[in-house]
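Here's a solo chain for you in structure tokens, the form predicted on its own.
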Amino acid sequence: MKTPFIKTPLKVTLDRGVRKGMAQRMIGPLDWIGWPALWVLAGTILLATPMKIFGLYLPEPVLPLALAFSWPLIRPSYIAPLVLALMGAFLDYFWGAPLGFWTLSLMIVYGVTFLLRGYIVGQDMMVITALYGSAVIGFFVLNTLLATIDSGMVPRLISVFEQALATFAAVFLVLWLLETFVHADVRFQ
């Protein structure tokens, strides 16, 4: 019969096996900010290609919204809002919006999520999904109001709804980011 104690010449310790703490590996800012930002920008460019599948064009979700929602939950940092602002400026130029349109909207979502971070972290997957859905709704209501003020005309609401639905489908990206990085050690290496 194996005893749980290991006898060594200097001390007696309890054999608990390999200790696994909460953080299982060190993650740098390139892992949880840089690579997801590049993936999102590549996905934005890929989904903006004028290609028809089954007679329908590809959806054009606002994929950086998933990062604006998940980054303050993973770890508040100074780098994430800067990268988010650069992605918003890219979207402004890429989609032909007024300069600062997407940047302002993404920063508002980031700020609200940052303020509510203490209530959101640790919640169930369904609660996070519902909160992301409310962030998508608030984001598109804000963008519709800003676009109406800028152009003087209301955008086509069916198209706004379709884009919001496609953006909500990025909830899987949010859940993957949170599952992968929320318990990781995201200190700078």
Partner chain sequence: MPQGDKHFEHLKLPVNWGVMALVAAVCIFGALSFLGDRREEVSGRSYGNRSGFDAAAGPASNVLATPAHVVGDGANWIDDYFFAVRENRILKKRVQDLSLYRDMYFQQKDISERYEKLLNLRTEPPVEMVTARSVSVSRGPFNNNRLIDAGSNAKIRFGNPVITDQGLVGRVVGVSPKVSRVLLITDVVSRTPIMIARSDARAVMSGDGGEFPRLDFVRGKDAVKKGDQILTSGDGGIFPRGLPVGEAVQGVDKVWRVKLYANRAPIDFVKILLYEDFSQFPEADQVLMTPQITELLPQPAIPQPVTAGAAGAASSAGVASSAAAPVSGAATSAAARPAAPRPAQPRPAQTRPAQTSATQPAQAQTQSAAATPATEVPF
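Residue numbers count along the first chain shown, from 1. These numbers were taken from a predicted model, which means no experiment stands behind them.
Same protein, other form: the form predicted in complex with the partner chain, not shown, and the subject of what follows.
With the partner omitted from this view, the residue of 58, 130, 30, 121 that lies near the partner chain in the predicted bound form is 58 [heavy atom within 4.5 Å]. In the predicted bound form, at least one heavy atom of residue 151 sits within 4.5 Å of a heavy atom of the partner chain. Interface residue remark: residue 138 is not counted as part of the site for the partner chain in the predicted bound form, having no heavy atom within 4.5 Å. Proximity of residue 155 to the partner chain in the predicted bound form: non-hydrogen atoms within 4.5 Å are present. Remark: residue 159 counts among the residues lining the partner chain in the predicted bound form, judged by a heavy atom distance of 4.5 Å or less. Shown here without the partner chain, the chain has 50, 51, 52, 53, 54, 57, 58, 59, 60, 76, 77, 78, 81, 82, 85 in 50-87 lying with a heavy atom within 4.5 Å of that partner in the predicted bound form.
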